[in-house]
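Have a look below at one chain only, the form predicted on its own, in structure tokens format.
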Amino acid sequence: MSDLKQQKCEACSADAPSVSPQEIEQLKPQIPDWNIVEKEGQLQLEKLYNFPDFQTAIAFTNAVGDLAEAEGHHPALLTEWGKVTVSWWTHAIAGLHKNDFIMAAKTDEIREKIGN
């Protein structure tokens, strides 16, 4: 399976298939620190990132926002002092799509570049 960070999101419609349990097994090892959670009946990828201060957390939030705009796929972002919670899921299908795994991997890459 190719590196998720190198892939682009594909346009997704309401009839697009959710990832299967087998696909999750293949994709999840590339984003090992992400949790699969259920919120309001929808599976989502969620991760908490810690930072030394609010300014760094905001810089990370803005970088993830820029990525989301570029890819046309938008997360839920909760920015607090020293931490940011990122949640990816595909609204159109009310669940997880490969796009969410791609974006989670790219979010990790942004975190590596931000540093402490």
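Not measured: the values here are computed from a predicted model. Start at 1 with the first residue shown and count on from there.
Same protein, other form: the form predicted together with a further copy of the same chain, not shown, and the subject of what follows.
K.L.:
Can you work out which of Q26, N50, Q42, N62 has a heavy atom no more than 4.5 Å from a further copy of the same chain in the predicted bound form?
P.N.:
For this set of options, the contacting one is N62.
K.L.:
How about Q30 - does it come within 4.5 Å of a further copy of the same chain in the predicted bound form, if we only consider non-hydrogen atoms?
P.N.:
Although a further copy of the same chain is absent here, Q30 would stay clear of it in the predicted bound form, with no heavy atoms inside 4.5 Å.
K.L.:
Can E71 be called a contact residue for a further copy of the same chain in the predicted bound form at 4.5 Å between heavy atoms?
P.N.:
Answer no; every heavy atom of E71 is more than 4.5 Å from a further copy of the same chain in the predicted bound form.
K.L.:
Hey, in the predicted bound form, is I36 touching a further copy of the same chain, heavy atoms inside 4.5 Å?
P.N.:
It does not: once a further copy of the same chain is placed as it appears in the predicted bound form, I36 has no heavy atom within 4.5 Å of it.
K.L.:
Using a 4.5 Å cut-off on heavy atoms, what residues in 38 to 58 are near a further copy of the same chain in the predicted bound form?
P.N.:
Heavy-atom contacts within 4.5 Å come from F54, Q55, I58.
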